[in-house]
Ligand SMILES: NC(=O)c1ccc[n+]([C@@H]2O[C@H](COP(=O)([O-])OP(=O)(O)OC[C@H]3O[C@@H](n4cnc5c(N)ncnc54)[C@H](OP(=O)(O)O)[C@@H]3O)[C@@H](O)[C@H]2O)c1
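We begin with a single chain expressed as structure tokens, specifically the form predicted on its own.
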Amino acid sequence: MKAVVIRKHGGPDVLSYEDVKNPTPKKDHVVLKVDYCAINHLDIWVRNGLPRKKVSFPHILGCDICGTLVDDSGSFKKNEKVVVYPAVESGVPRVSYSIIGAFGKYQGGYAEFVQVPQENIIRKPPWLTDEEACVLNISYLTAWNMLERSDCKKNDTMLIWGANSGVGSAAILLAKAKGIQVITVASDIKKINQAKKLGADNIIDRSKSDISSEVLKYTKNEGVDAVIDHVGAKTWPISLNVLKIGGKMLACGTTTGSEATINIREFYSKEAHIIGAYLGTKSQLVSLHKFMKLKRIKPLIDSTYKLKDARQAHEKMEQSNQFGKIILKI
């Protein structure tokens, strides 16, 4: 089969389009013909390598998968369309789970075929296209998990970083469907206009404005009920600063670095909560499907690349030139 493989850590140039062996079916597993696989920042972190995180080379990236069953499996039938819930047991102390196609033993969806545990497949919602269904399993599920754990109600206020990213755009769509007042951050007029189309109530141009000042001005100096922060080291101090008393900061990413310096006194004096979100549960993915159907929400897709062009897709994400999800068509 054709696949995009990495044989060492590095930049986009380590992505190699080549022939590899088809997966050999194992007990309690299923093989899918991959139709679409969305790209996530997790793919870039795995490709680059992270301290104390191991990958067995050669490795195939890709954790956001929609595909077609090769054979019958339990109540699932051959040729049935499914999506893959990407979390599997980590086998590592104090780590919730690992993710298919990321750090761990499972190869991912940058390939014509992939093998996953049978318990990880979910029927594709028929009201979504294959392209739309493949983008929900990582960014949208993580955003949904953070929204649920924020306990925000209608008319509560939330700061969402990175309007153009997968998590950011997903969080805006889902938060607005819940009636939450959304403040978001973008870097140029094109992204600002797109954030408006998603329904964001206030959009801060980070190239022209001080974000803390703008958020506090918008909230009449009270601060926000919650922050969704997937950016990391550069934004953590601001995220904590703009929280109101008892506010919640939901964190899920480290695009700008994994070690942040924060004001501890500010943290405890406002009785803030910092909550880590690492994906979400399988049942949350099912409830996300139901919520999006109920609210008639369609995921935002930026662009689709052929599998052989995965390198260009990675470059686009690393340059933050997308608005919404980037997809590989297998």
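All residue numbers are counted from 1 along the displayed sequence. All of these numbers come straight from a predicted model, not from anything done at the bench.
Absent from the display: the form predicted in complex with the ligand. The rest refers to it.
Fill in: Exercise: residue 161 in contact with the ligand in the model of the complex, heavy atom 4.5 Å
Yes, residue 161 sits close enough to the ligand in the model of the complex that at least one of its heavy atoms falls within 4.5 Å.
Discussion item. Although the partner isn't part of this model, could you tell me whether residue 312 comes within 4.5 Å of the ligand in the model of the complex, counting any heavy atom of the residue?
Written reply: The answer is no: residue 312 has no heavy atom within 4.5 Å of the ligand.
Item to complete: May I ask you to check whether residue 305 falls inside a 4.5 Å heavy atom distance of the ligand in the model of the complex?
Response: Output for residue 305 is no: heavy atoms all beyond 4.5 Å of the ligand.
Worksheet item: Would residue 191 count as touching the ligand in the model of the complex under a 4.5 Å heavy atom rule?
Response: Contact with the ligand, yes.
Item to complete: Please determine, with the chain shown alone, which of 102-110, 224-232, 240-248, 127-135 has non-hydrogen atoms within 4.5 Å of the ligand in the model of the complex.
Response: Result for this chain: 224-232.
Worksheet item: in the model of the complex, which of the listed residues (73, 212, 90, 187) lies with a heavy atom within 4.5 Å of the ligand?
Response: It is 187.
Worksheet item: the ligand isn't shown here, but in the model of the complex which of 120, 98, 255, 181 has a heavy atom within 4.5 Å of it?
Response: In short, 255.
Worksheet item: Each of 150, 174 and 299 near the ligand in the model of the complex, meaning some heavy atom within 4.5 Å?
Response: Checked in the model of the complex: no contact with the ligand for any of the three.
Item to complete: Output the sequence-ordered list of residues from 42-76 with at least one heavy atom within 4.5 Å of the ligand in the model of the complex.
Response: Result: 42, 45.
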